[in-house]
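Below, in structure tokens: the form predicted on its own, a single chain.
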Amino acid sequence: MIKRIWPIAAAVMTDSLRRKVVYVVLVFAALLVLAIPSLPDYGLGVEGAVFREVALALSYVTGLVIALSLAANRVPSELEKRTVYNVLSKGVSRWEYLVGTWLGVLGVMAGTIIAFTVIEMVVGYLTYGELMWRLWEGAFATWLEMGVISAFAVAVSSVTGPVVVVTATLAALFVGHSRSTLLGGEGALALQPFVPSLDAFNVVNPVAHGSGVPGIYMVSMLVVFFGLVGVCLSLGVLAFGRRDL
């Protein structure tokens, strides 16, 4: 099974890195990070917190743009070019194809977010003389959420085109972050009672203004991640399995 899934994931990562969109978005986001210190000061002692908050927001938007650009069109383009038929004819099942595609996108997202976080830390250290290690907690949460988003996008893309995929994914993103608005609470550490929504990955306040994210909450984010990804991919596999190719 792994021997069939891994080549698909590797092919997705290789093809994604050939596209200019990943590098263009990353460079543009890096330039914005360099501009963060030029923002108006919000008071003595809080400049670093403002930098972390804006940096996390930029990391999130960067991850979202790249996740949508890679996941929304991967399966439809493979179907249009008919290359998926060659893959499936080699004994690869449809669920292995979808899971491999998602893992490839997830791998590219990991590399992108790591590179972006390194840039943020370098700029933060050069500007404020502080190694902002808590940014890695925010990067981890962003990566997990983008994993869920890309799983949803891959699942929807198994039955429809990229325009519908992007629209549906953005709608799901909005609904997924409506929990705190509807039920109260702001972000990760205020989920009472706990509901497995995308709000679980919102760690901006503890990372930017607090003392970081507790280890137990990191575990809870992983539980939500695996749960939501499992549901999305299962539905995608079910729909893709019923599609007449």
Partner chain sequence: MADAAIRVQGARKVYSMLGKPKREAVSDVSITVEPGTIHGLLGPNGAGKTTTLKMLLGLVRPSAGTFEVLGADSTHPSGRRSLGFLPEQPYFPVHLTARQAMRFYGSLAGVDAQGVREQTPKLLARVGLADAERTELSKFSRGMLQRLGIAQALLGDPVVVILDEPASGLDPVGQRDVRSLMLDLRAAGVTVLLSSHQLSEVEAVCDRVTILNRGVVAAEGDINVLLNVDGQSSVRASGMMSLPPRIAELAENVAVPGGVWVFSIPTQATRRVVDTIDEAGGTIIAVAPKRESLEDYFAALLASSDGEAPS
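What you see is a predicted model; the values in this text were computed from it and never measured. Numbering follows the first chain given and starts at 1.
There is another form of the same protein, the form predicted in complex with its partner chain; it is not shown, and what comes next is about it.
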>> Considering non-hydrogen atoms and a 4.5 Å limit, does its partner chain approach Leu88 in the model of the complex?
In response: yes
> Quick one: does Lys20 come within 4.5 Å of its partner chain in the model of the complex, counting heavy atoms only?
Replying inline: no
> So in the model of the complex, does Ala11 come within 4.5 Å of its partner chain, heavy atom to heavy atom?
Replying inline: yes
>> When the contact criterion is heavy atoms within 4.5 Å, does Thr160 count as touching its partner chain in the model of the complex?
In response: no
> Which one of these stretches, 114-122, 89-97, 163-171, 135-143, sits within 4.5 Å of its partner chain in the model of the complex when only heavy atoms are counted?
Replying inline: 89-97
